[in-house]
Ligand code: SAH
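Single chain ahead, by itself, as structure tokens, in the form predicted on its own.
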Amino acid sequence: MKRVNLTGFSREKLVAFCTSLGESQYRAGQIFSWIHGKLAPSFAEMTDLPISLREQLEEVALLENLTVVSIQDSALTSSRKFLFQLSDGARIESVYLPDSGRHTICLSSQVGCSLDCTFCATGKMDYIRNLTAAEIVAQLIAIQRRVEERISNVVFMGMGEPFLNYDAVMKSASLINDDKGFAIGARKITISTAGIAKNIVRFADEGHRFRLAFSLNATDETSRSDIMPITKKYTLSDCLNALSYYCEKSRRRVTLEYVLMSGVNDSDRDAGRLVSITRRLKCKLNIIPYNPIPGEVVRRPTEEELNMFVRKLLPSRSALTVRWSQGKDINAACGQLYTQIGRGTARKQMEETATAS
């Protein structure tokens, strides 16, 4: 009999599971607290459960415990990059980012990515598969076990496009938000998308309280499709319409992420169009200097080029931040996550793991 993975179960689903075992409903709350509050790695550690139940759980259920392959510490900041191996042999990266009293974790939602944005290393891996909700939450659990500070913020900005794994991402965000578990506030959980317009609308219609970020990165259709092929399916116009709908429906603002690349999207016309876009939306704007990745000739802007571009946006934008990514020296900065194996190697590794088990 295949064991069920309880790490991805909501409290409601755990109630149904416990009931199916002939147990009282309150056992579900205990199990949930052990998984997401006390971070128990095994059923044996759930000491307020009867021994007979713990033994039964070992037979019919399991917990998602990711294998930590390596941890890299930045010499420049306090950020740490974690390389995890999943049960099928696939690998993902997550990043811990402490800064000014906030302790943020950047989670991955897919193994690889299908979008192939020119400024992002993850796209060079190609898409391998979606992560389950259990695998997404397990990244947070594994990192929280290894850092002293309590994780305060979560961003879905790691490997993959979150809105192409929509259901698992929303499920994992809800688990992270649950007040009987990690209890991280919805306003401290940010989900980023490169522009899956239909799911921006769905996100608005479903009334999620998590923050939404949109990777803009170019201000016209042609330029954006050159660096972000997803634009050929969901145009910039489609995305801006969806974002306008989101802002009106949710009465919340969206964060626009703009990776600044020298000679690519930093012209006077880019600045003018960017101002027009920000005036159209209820939003804040993050300017992110490009983080170099292997094999790309795109150049990171100099500090002078960055300041010149920002001056063109002011004073028209008051909610503007220049975000210098942490972890550039360990390839953990925005756009740099990559597990150093291509599709063929990953597939082979997954097959070997499956055969061995």
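The numbering used is simple: start at 1 and walk along the sequence shown. It should be emphasised that the depicted structure is a prediction, and the values quoted were computed from it without experimental measurement.
The following text describes the form predicted together with ligand SAH, which does not appear among the structures shown.
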Looking in the model of the complex, is ligand SAH within 4.5 angstroms of a heavy atom from every one of F119, E161 and P289? yes
Is it the case that N217, even though its partner is missing from this view, gets within 4.5 Å of ligand SAH in the model of the complex, heavy atoms only? yes
In the model of the complex, L131 touching ligand SAH (heavy atom, 4.5 Å): no
V259: touches ligand SAH in the model of the complex, heavy atom cutoff 4.5 angstroms: yes
Within 4.5 Å, heavy atoms only: does T193 come near ligand SAH in the model of the complex? yes
Spot the stretch among 152 to 160, 81 to 89, 171 to 179, 268 to 276 with residues whose non-hydrogen atoms come within 4.5 Å of ligand SAH in the model of the complex. 152 to 160
Exactly one of A28, I293, L66, M46 comes within 4.5 Å of ligand SAH in the model of the complex through a heavy atom, and that residue is I293
